[in-house]
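Only one chain is given next, in structure tokens, and it is the form predicted alone.
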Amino acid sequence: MTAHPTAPRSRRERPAKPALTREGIIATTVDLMRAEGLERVTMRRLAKELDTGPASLYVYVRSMAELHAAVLDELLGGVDLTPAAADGEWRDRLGRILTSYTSVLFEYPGLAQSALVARPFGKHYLKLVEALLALLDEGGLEPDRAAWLLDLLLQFATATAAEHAHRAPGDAPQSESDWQALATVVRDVSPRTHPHIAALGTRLLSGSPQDRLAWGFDVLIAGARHAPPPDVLAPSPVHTRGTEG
């Protein structure tokens, strides 16, 4: 008895693809980033995962930069904002929120580096900014100083995460031998050619990353209190764009 070849399946019998949405694209990007790393998430790779063409994605996100910003905002939902309404000294609570923000970026190395230039503007970012500004207000910082200090605090936290984050999932952290080699160079440097380095020695490498991060926040806050007030009335590039020429 001769077997009949399998008849081709009609396209109409195949399950319909889920409709593309901005939320679905962002969620898929987050899944891919967790599995493969942000550097491997391209529009082509994302389109393949969603069973569509790259051009279709640009209807919902205009560029990879906008996509990165949207992904960052999505992950900012994991920042612990509860200290904002908790009891305790405002500066400690501010530090806890900023440390939580840094920890979120530590979990996603590629995103930590992308966050240096990404411009999130979603609901989670706004909640983070509101919580930080509320604590700065509680601490008695003048509005003008708080407005600019907010930017410095987030820049410092983001840069710290990007500096210490590893480039790809599974990469080993910098080995102990590398740190020992650096410490040896600093310790044995010639006082004649590098007197200041020699004077400080291994103090240049002292302290845990957590302690350095917390101290950096304290320095920025203390500096903002005593620095000349910023000129917040000066126009920003956003306000002047399109008025030249």
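The numbering used is simple: start at 1 and walk along the sequence shown. Note that this is a predicted model, so its numbers are computed, not measured.
Beyond the structure shown, there is the form predicted in complex with the DNA, which is absent from this document and is the topic of what follows.
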item	value
In the predicted bound form, the residue from 210, 206, 180, 56 that sits within 4.5 Å of the DNA by heavy atoms	56
Single option in 220, 64, 186, 30 placed near the DNA in the predicted bound form, where near means a heavy atom within 4.5 Å	64
Stretch in contact in the predicted bound form with the DNA, which is absent here, among 40 to 48, 190 to 198, 22 to 30, 212 to 220 (heavy atoms within 4.5 Å)	40 to 48
Touches the DNA in the predicted bound form: residue 202 (any heavy atom, 4.5 Å)	no
